[in-house]
Ligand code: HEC
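A single chain, nothing else alongside it, follows as structure tokens in the form predicted on its own.
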């Protein structure tokens, strides 16, 4: 290398830095809003833009002024987390008296199915129906009060809400067992299921009530006579080591894996 000559590698790196720096300047000048950064990592002008939008929603508090009974019923029901305008549409003009027509009153099944059509991705226990099978000739509000949709009767079994689990258990060795044999279910669960989750077994000893070697199969385990069934037995001191039973056996279909 001759003295005084800049290596090509340095020139190349310098060109890259120059290109990146120029690009950043151009992006800052032409693509990043001037107010960006005034309120943290946001565009400050967005506050004014949002404030300039016409108010469309009144909020359930405004509905309460004229519809006290309906709002009170909703706020104490399974629909308590929903705003009135979730089902009736934006009602700011109606609340202020400016609207010529009342908010829409849903009468078909389509709106209810937005939340209650069966989807496997929805959380277990969430009320869902298969549209073609669940009272297809009836409108939802024929049987369910939209403001207080508590079923008029308790479902005959847990499958009313836990259909997927019930179908699996029905063809397993645990089919003869009622859900409450393994789950402690408070009466409040049938009124507010998401707020009163049934208690699940949390230790190996529970499964050992039926499956531990040297333990007689109980004739009355939570109201069920298990002596009529061939119950597999294991030595819980050596079987599975420190693993919990349900790490290898799915409780609702406990075939060995």
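Numbering follows the first chain given and starts at 1. Remember, predicted model here, so these are calculated numbers, not experimental data.
Missing here is the form predicted together with ligand HEC; even so, the following discussion is about that form.
- Using a 4.5 angstroms limit between non-hydrogen atoms, residue 230 touches ligand HEC in the predicted complex.
- Although the partner is absent here, residue 49 is not a contact residue: none of its heavy atoms lies within 4.5 angstroms of ligand HEC in the predicted complex.
- Not displayed here, ligand HEC is kept clear of residue 99 by more than 4.5 Å at the level of heavy atoms in the predicted complex.
- Within this chain, residue 59 lines the site of ligand HEC in the predicted complex, having a heavy atom no more than 4.5 Å away.
- Contacts with ligand HEC in the predicted complex, taken as any heavy atom within 4.5 Å, map within 221-241 to 221, 226, 229, 230, 231, 232, 233, 234, 236, 239, 240.
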